[in-house]
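Taken one at a time, structure 1 and structure 2 that follow are two forms of one protein chain, written as structure tokens.
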Structure 1
């Protein structure tokens, strides 16, 4: 068994909605091994996205710890955590979040620009652009680099989002319902792509409500009543 890349222990999270308190996570605990493709299943509103955001430090828990590659994420200062997140974690969302005025390469380059900073970007740009072209080709869009999002299909937009998530060569890829905005055929193409990336060594955690999508993972756990169930190393039988 490969080493644990990420562990989350006893994660609690609640939100205040007016005078009411909405409790979302109630001690969720799980581990992710390097090179694994893990699916987290749960019904709509179960807290899957909240948990994923906490795993990637986009949101902070009210209680519990998240340790990434031996580093306690929420013991870091904000700037250190942002830097680690930018370089070590890639995010793929259901609705792509591409900038409409930028073409494919420009959208993919955004994390590299953020990581480099304004002062050093002119010196880092050429290498970053070469890497961006390489990643875009890797997701099958080598002929679409100059197109803007409005000129792409939904599946192509999600491929751009995946390329953007990979451009800084993160160890961990977090995918939040990556096929939720796609038809079944296009969704399968995206899942096949994620599976291929995982076979090349990319660690992936995907949240989904869909059993068929979860079937692409090595392992599937369930988020129910704010806790993780069935957190075992049992393989999900057969991919669709």
Structure 2
């Protein structure tokens, strides 16, 4: 068994909606191993996206700890956490979340720019661009680098989002319903792409409500009533 890259223990999270309190997570615990493709399944509104956001430090838990590569994420200061989010974690969202003013290559380059300062960028730019072009080619959009998101299909946009998530070569890729907004065929292409990335060593945590999508993962956990219910080796049954 490879070493644990990420562990989340006893994660609690609630939201206030007016006078009511909505308890989303209460005591969710899971571990992600390096090189693993983990799927988190759950019904709509079960808190799986919330859990993923907490794992990636996009949101903070009310209780519990998240340890990434031996570092307690929420014991870090904001700057360190932002730095870690930039360099160590890549996010892929259901709605792609690309910046509409930027073209494909600019969207993909953005994390490299964030990682670089104004003074160091002139020296880092060439290498960053080479990597961005390489990543864009890997996701099959080498011919569309100058297109804006509005000129791309849903599947292509998600590929751009994946390329952006990968450009800083993060150890962990978090994908939140990456096929949720795509048709079946395009969704399959995206899942194939994620599988292929995983085969190349990329650790992936994917949130999905779809059993077939979850089937692409090595392991699938269910989130029910705010807790991780079971932890199953899927043996990739859904993978064609």
Partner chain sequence: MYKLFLTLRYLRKRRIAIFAVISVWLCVAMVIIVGSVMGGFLDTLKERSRGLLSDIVVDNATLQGFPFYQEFIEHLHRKLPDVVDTATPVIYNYGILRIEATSFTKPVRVVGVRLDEYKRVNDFGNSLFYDKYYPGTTSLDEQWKPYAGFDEHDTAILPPDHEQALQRFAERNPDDEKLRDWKRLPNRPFEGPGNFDVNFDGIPGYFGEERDKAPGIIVGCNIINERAPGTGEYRRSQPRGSKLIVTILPLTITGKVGIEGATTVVTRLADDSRTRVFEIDDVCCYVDFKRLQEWLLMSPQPLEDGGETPARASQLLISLKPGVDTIEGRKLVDAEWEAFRASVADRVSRLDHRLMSFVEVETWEERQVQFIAAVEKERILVTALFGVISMVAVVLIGCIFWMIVVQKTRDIGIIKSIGASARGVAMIFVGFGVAVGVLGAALGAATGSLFVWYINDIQDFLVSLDPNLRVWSPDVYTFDSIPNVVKVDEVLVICLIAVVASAIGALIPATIAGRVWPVKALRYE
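In this text, rigid core is short for the largest set of C-alphas that superpose within 1.5 Å between two forms. Residue numbers count along the first chain shown, from 1. This one's a predicted model, so the numbers in the text were calculated from it and none came from an experiment.
The first of the two standalone chains is derived from the form predicted on its own. The rigid-core alignment places the CA of residue 142 less than 2 Å apart between the two structures.
Once both forms are fitted on their core, a CA shift of 2 Å or more is seen for residue 119 between the two structures.
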